[in-house]
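Given as structure tokens, the chain that follows is alone and in the form predicted alone.
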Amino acid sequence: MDAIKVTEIVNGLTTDGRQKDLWRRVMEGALSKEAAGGLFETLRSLIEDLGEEEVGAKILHIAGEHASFPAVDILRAALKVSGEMRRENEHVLMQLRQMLSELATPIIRIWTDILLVAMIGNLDGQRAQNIAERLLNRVSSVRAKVVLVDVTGVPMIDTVVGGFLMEMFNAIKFLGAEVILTGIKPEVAHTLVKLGVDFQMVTIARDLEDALRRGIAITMEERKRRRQLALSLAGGRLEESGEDDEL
């Protein structure tokens, strides 16, 4: 197939100058080993411009008009490029979802040894798992003693979400931290009672202020126990002057 014939085929495919150039490079790459080096990149550009369905249809059109055109090889290459693009898109989408989840569920250290988790929006299994992993890692890394979980922004807590929360709370307690749950709406509380979801293993606070007050009380009590233990181990050598502030 000579250059004149290639130009004739390309002109029959499109009137767009950029696409003509891309199709010409595809034709040349398909018909000549010397020009095949950039075939995959050219196909990627075409698929980005036209979509995989239109590119596939045009390749089949060329094959229907010109039996010598290696349509099977080009279609195989186009499928490979499409697969790579799809995997790249899925990876980017997953990263965006993770970023959105992190933005929608900030984990903030608001006081010494106290973390606040503000949950916002609907919770599904994937998002719940992501929140649990991030929170447990954060509790472990900062050695938090209290975790305040505010569910004011969660519109509904059903048995699935309730089960997830209980699992997460148990895991937090295994790490040595106390959980204080706040922000439960009256209708949600009613639903939880009807569904039999039991949060007795955690402290329930009326609002965030109450939760923070209770959290501070827990950390102060913990510091007091650690101070008494240190004094006992030191045989009373530590003074009341504040040497134990960092204990």
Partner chain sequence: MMSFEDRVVPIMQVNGYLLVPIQIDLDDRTVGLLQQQLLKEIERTRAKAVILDVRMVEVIDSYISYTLSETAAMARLMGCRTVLCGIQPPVALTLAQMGVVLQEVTVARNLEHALVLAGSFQERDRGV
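Residue numbers count along the first chain shown, from 1. Treat the numbers as computed from the prediction; the structure is a model and nothing was measured.
Note that the form predicted in complex with the partner chain isn't included here; everything after this is about it.
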item	value
One stretch from 68-76, 116-124, 165-173, 83-91 that, in the predicted bound form, holds residues within 4.5 Å of the partner chain by heavy atom	165-173
Every residue of Thr191, Asp198 and Gln200 near the partner chain in the predicted bound form, heavy atom within 4.5 Å	no
Listed residue that, although the partner chain is not shown, lies within 4.5 Å of it in the predicted bound form (heavy atoms), from Thr112, Gln98, Ser140, Thr152	Ser140
Contact residue in the predicted bound form, chosen from Val160, Ala132, Ile108, Ala104 - any heavy atom within 4.5 Å of the partner chain	Ala132
Partner contact for Lys20 in the predicted bound form: the partner chain, 4.5 angstroms, heavy atom	no
Partner contact for Thr14 in the predicted bound form: the partner chain, 4.5 angstroms, heavy atom	no
4.5 Å heavy atom contact, Glu222 and the partner chain in the predicted bound form	yes
Contact flag, Ala144 vs the partner chain in the predicted bound form, heavy atom cut 4.5 Å	yes
